[in-house]
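Below: one protein chain in two forms, given as structure tokens, structure 1 then structure 2.
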Structure 1
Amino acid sequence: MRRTIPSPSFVAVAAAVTATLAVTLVPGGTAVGQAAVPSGPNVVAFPQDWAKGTLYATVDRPDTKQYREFYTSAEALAAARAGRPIPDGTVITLAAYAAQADAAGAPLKDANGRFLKGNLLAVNVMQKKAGWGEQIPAAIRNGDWIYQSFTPDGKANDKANLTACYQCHLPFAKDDYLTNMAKLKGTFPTQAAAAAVPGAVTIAGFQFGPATLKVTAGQKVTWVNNDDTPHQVTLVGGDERRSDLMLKGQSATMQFDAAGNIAYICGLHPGMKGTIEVAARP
């Protein structure tokens, strides 16, 4: 059976999306002058029949204890598989569900080790239409894609941080800002997992390993991301250095010259925590 999402009616509220320049809190909490996108209703209408589209991927997210389903039209999937541009008007829907959890809050898993679907939490949508990108500040624009986050009953969530949608998808520019869908044509960066190296921290399954690394002052530390999800090393307390976003297979390096314990988090997933113990030079 051929199942597609009918093109949604476009609500003429483009004015509400007018880009503004403001001081924004980026994940990790550092205030920086940055282009911001206001939350609330915009040109993306709730895709009423999203669940009738084609389900093309599911993702378990241990960091947020969510189970996610991804839907789009048959036309868009055919284009992605063939490596053709994603058609104008395409709607991609991310249905975020709470993972079912045990009494201690740990996600339950099925026979394949995958999360089990709980309550629907949010319906996140990206849609592209020629010219729409002009509504978004150039620094964070994602081509002609516009993002929106809806509550399960179909209302635009006016507390959603839409600026973060653009910032986080920006590193995927060469794949038309797509992640799972880009994988369908096999161009997603999937370098082999790097072998553990002394002085290196491996990021896998939303964890820094080892969580505590001991080095000597003057030494460099390298982080290697083995997750499909991007991560970003962000030092906290005093030294506020922040690495570039690391996609799968990418690494970042920082040098530590002073003795002491350096705490850090992931700038995108602040629940991820690690420590570098820097010993004085002998």
Structure 2
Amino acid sequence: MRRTIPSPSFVAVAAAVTATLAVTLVPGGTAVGQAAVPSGPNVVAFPQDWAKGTLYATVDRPDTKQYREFYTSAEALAAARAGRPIPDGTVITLAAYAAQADAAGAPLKDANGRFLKGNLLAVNVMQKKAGWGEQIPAAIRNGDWIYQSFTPDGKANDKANLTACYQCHLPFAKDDYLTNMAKLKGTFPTQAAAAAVPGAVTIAGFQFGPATLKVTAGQKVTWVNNDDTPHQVTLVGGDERRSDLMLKGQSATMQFDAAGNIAYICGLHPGMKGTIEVAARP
């Protein structure tokens, strides 16, 4: 297959999506009710020639200190950019590498400010095949996509939390469950970072800043995404509102009418956490 490397401008804004398989696979399982997918081998086979596919995005993940590459077939990429359905049989591969680090553990960067690629950590795969979705509990089914995580030597990772992959991609049904459809289409924003908004929460470096924001009941809160990665504000604990997906330079706003402490996370990167402290009106 032809290997296409993104232009410098695209590379500078490529992000982890939630990007395909944006969830870091961890031991154990997370269920939605009784819905869970067992770890270990399944119908997805290790793609021996994954590095010969079309490289369509690269990603720096400061939250996990990883450098990531995303590959698919030229046919899948052409279909996405023509607005056609992703072809049956498509394989999308995420190669996760440790970022090279200095003595203090901080990622080393090249002249363009990008992470330097270190050792390969995992090869994560999603594959679409007619009928495969029937194997997955309906509550978390992603159409006919199946996920698998492999160790660098091609063995299925029996500690992978595959359920988390389905949960992460589930809100993206309109994009064929792909969190990085904008990158496949070549329409991911390349604009400069959004301007600061007084009283807003800035998203940068996979962190909410400030982590805790104090407001008064009836006030609106705006989140502004300055990362090259899409993010999504998801409230937890009673009020379970979820914002629209925010690409780079975009924002989302929610109003809080009741006093109390509201916890929230990024729906795509659950390790990102914040709190809105809502005081009663005077």
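Start at 1 and count along the sequence of structure 1; that gives the residue numbers used here. Fair warning: this is a prediction, and the values are worked out from it, not measured in the lab. So that the term is clear: the rigid core is the largest set of C-alpha atoms that superpose within 1.5 Å between two forms.
Structure 2, rather than structure 1, originates from the form predicted on its own. In a rigid-core overlay of the protein, Gly40 has its C-alpha displaced by under 2 Å between the two structures. With the core held fixed, Lys52 shows a CA shift below 2 Å between the two structures. The two forms, fitted on the rigid core, differ between the two structures by less than 2 Å at the CA of Asp63.
Core-aligned Cα shift between the two structures at Leu245: this is 8.8 Å.
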